[in-house]
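Two versions of one and the same chain are coming, encoded as structure tokens; call them structure 1 and structure 2.
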Structure 1
């Protein structure tokens, strides 16, 4: 049986500073990713996603636990796993004094690719990412969204066996995000394995074969996007703005999730009209839509992905 592309068991990370209480960023994260899979790691800010990615990509040492990349113990021997990894870090920036072409080409050369291959891949990835027109401009002169595209293009061009992407499309417009999605799908078809974090739940649903939801440094649940949605108990979501006072009544119709003062009811189509009549009597605004990954996240974590309270 082939080795997992990434395997982690009971990974913990504690930050200790003199005069303050220790902070447990990770409290025993275990996961595994098969070669060629696209896996999403979801969680609110501070849940531990970036900490785990930094450990798995050998940029940070865990307090305890095991991590293996294609069978290599990267905690004790990180040099064995690094050639197999490429990373788009959160808040990473390209070299401002280089152009997008120079950025990608130089990175490929530093990773050991020959000149011909580096030139070919650089030209191809800049075209795929919609960067051809700005290929010879300094990164310093580009917008934040274009700089982020350059960062993603740099990593995609490596076609590394294992890619870590921490919020890869942050700051991009919807069209650019979809270009990135297509590039990542194309890359996984060639055999690369992807682990990404994102606050865009539609992105996680579009890109991920499986998802891990993490909160307060622990993995709460794992499954496919469709599998997680199926666990909610219905196919339709009715959202009542300011409906918290009706939470107990609404629970008789289906599964209830809260988001601040708003209440979402997950139910079947046969009882939607009853909930809407209740909302009308109580003079509450109500919206109806299909169940999404957001409801699955709310059910598991208890708060929306953007709730930082």
Structure 2
């Protein structure tokens, strides 16, 4: 616990506003992240990801629970943890009257870096994030995706020991996203710890050593991307076009999901042959592939929705 970069126990958050129903956004979230780890927080819209991130980054008071950043109790003594963290807020926008260069540079200066370090880091990060060309244009004139890149660059440049990123690549094109991933990996090699939320499951898989899936304010499962995929009963998916009528039979091979008239079977590698033989006999076209994180996510969260209703 003392050596964790982030450690949270039973964090609860109830939003109460006069004239509205209280919302229980977090109902006891516990997690721990070791220094240097990259951890992804997944969940549907409104699951409580932003709420947790804002609490952990000292932006929001929890209703109850404990949160420690490198051993510092940041619920009661946020100022001890703040020098160690930096955050990319959800929907954040840069200073519109500054250029990307000035944005990153002034932020580093306000964090107390000296002029030389600030200059050097700013140039370096803008280069890595593909922003050199627009470095001297006004943020106001940049597209939404570029503005978001400026926000991420601002925060990455701090090289803070613990970074929080709330949907950092939202609105970016696939190339830009890969540049951000590259930067984040480089940062994590230098020793920074990352906690990010995202709706792109490929991104979560690319960037995270470990994932937490949360739903309605609770952690559903936790594990590596591979581990999560394994949890749903197999690593391979066979999809049979129009296989609806064989649903019962297919269910004996593994977990079955339907999608219109198509059927997907999720199973281990050893029985794939048999399913394919069956498809051939029944003259159905079949495709085989590895289970994706998206499927695991849909399954895990879907199961919890079924449980509740």
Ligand SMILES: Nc1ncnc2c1ncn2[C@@H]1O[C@H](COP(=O)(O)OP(=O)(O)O)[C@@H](O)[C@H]1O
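Positions refer to the first chain, counted from 1. Definition used throughout: the rigid core is the maximal C-alpha set that superposes within 1.5 Å between two forms. Note that this is a predicted model, so its numbers are computed, not measured.
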message: Just verifying the output here: the form predicted in complex with this ligand should be either structure 1 or structure 2. Which one is it?
response: 2
field: Same rigid part for residue 90 and residue 126 between structure 1 and structure 2
entry: yes
task: Could you check how many degrees the smaller rigid part rotates against the larger between structure 1 and structure 2?
output: 31
- prompt: After superposing on the rigid core, how many Å does the CA of residue 253 move between structure 1 and structure 2?
  reply: 3.9
